[in-house]
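The chain below stands alone and is given in structure tokens; this is the form predicted on its own.
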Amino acid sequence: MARRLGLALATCLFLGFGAAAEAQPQAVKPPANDDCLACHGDPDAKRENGTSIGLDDKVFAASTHGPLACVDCHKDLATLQEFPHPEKLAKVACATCHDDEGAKYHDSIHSWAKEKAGLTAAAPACADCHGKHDIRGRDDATARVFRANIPATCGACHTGVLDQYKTGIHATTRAVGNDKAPVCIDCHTAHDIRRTDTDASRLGVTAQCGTCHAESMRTYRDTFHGQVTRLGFVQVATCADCHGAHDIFPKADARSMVSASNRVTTCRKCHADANDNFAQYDPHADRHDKARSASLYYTGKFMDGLLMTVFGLFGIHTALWLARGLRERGRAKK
């Protein structure tokens, strides 16, 4: 009897555990890249509207994201069980991995234009600058964000600005082999691009230009314009107000805003009564440069000599007065 009860109990336990095991949901296996390439690997594959959905697996494998799985970015497909997937997928959140860059982008003019101004089709997202399945590192000469390719990448949206930049001294200097000449990101940065019409941007122009033109920034800071901007006032000329922003030319070039033929017009942007004599003002005068500013150089030397003479005479006078005072005090004690 006991033996029968034991067998019955064992059978019940076995069946119970089996039922429990069957009741537990099986882990969903996400689609592999080969599953995705079954459709997207066909270069002729297209959506209903005719746009291509083909993907070159060799290009993707050579990209920065080559080691990743498709579902690492397209996370809403990780639980997909049936193909084809819905045509409209969730947007890829690059900030999931690139959180620092994502935070900077969120505070930039591009994010503001997309999220607050409603320019969803015009304002760029990550893929517009970096690509989608062909993303390369910025040290790769084929990458959209490779230094030499930056103007073309930004110019895909800012076509008018690119045309101006191409004619300016920065682009022409790069064209003859000077890779240190600035591109867009040197002045505007990459992910935390700001509006250029804000007080902070205007006040920051001098520091940005000064990263390359340190001597010009030093002499500018010595002038009225430079001193006032240092105090935080924005209604004063900065580098871009006199030289331009994207189409900057050497002053010997007739197109330059500071050329002899355009200087009065440039000054009149702020000083309505400016004339030829007014435009002779040197905004980068240097009292240490005799060749550039001879009158200022000799005036500075005179003032240095005068200062030394005054302090020297007063020093001698003070020493003599001290000696006399000590003698008089000695006589008074006697």
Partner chain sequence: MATYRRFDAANRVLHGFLMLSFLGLSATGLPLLFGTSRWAAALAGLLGGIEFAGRLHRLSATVLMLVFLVHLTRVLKQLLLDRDLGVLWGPYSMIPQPRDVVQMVGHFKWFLGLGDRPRFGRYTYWEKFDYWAVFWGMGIIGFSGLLLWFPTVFATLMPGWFFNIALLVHGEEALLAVVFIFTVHFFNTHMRPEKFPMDPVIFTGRLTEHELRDERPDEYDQLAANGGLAAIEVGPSPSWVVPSARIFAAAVVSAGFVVVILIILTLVQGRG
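Predicted model, so just to flag it, every value in this text is computed and none were measured. What we label the rigid core is the largest C-alpha set whose atoms superpose within 1.5 Å from one form to the other. Residue numbers count along the first chain shown, from 1.
Beyond what is shown, the protein has a form predicted in complex with its partner chain; the following relates to that form.
Since the chain is shown here on its own, which stretch among 63-71, 294-302, 49-57, 30-38 would lie within 4.5 Å of its partner chain in the predicted bound form, judged by heavy atoms? This holds for exactly one stretch, 294-302.
Joint contact, D222, I316 and E328 to its partner chain in the predicted bound form, by non-hydrogen atom at 4.5 Å: Yes.
The single option of A117, L231, A148, A260 touching its partner chain in the predicted bound form, heavy atom within 4.5 Å: Partner contact (heavy atom, 4.5 Å) among the options: L231.
In the predicted bound form, does Q280 come within 4.5 Å of its partner chain, counting heavy atoms only? Q280: contacts its partner chain in the predicted bound form.
Would H271 show up as a contact with its partner chain in the predicted bound form if we use heavy atoms at 4.5 Å? Yes - in the predicted bound form, heavy atoms of H271 and its partner chain come within 4.5 Å of each other.
Applying a 4.5 Å heavy atom distance criterion, does N275 contact its partner chain in the predicted bound form? So N275 counts as contacting its partner chain.
Counting only non-hydrogen atoms and a 4.5 angstroms cut-off, does K290 reach its partner chain in the predicted bound form? No, K290 sits far enough from its partner chain in the predicted bound form that none of its heavy atoms falls within 4.5 Å.
Out of 302-323, which residues reach within 4.5 Å of its partner chain in the predicted bound form, heavy atoms considered? Sequence-ordered list: M303, D304, L306, L307, V310, F311, F314, I316, H317, T318, L320, W321, L322.
Does the distance between the two CA positions of T142 reach 2 Å or more between the shown form and the other one, the core being superposed? No, the C-alpha moves less than 2 Å.
Does T167 shift between the shown form and the other one by 2 angstroms or more at the C-alpha, the core having been superposed? Comparing forms between the shown form and the other one, the T167 CA shifts below 2 Å.
After the core is overlaid between the shown form and the other one, has the C-alpha of K251 moved by 2 angstroms or more? After core superposition, the C-alpha of K251 moves less than 2 Å between the shown form and the other one.
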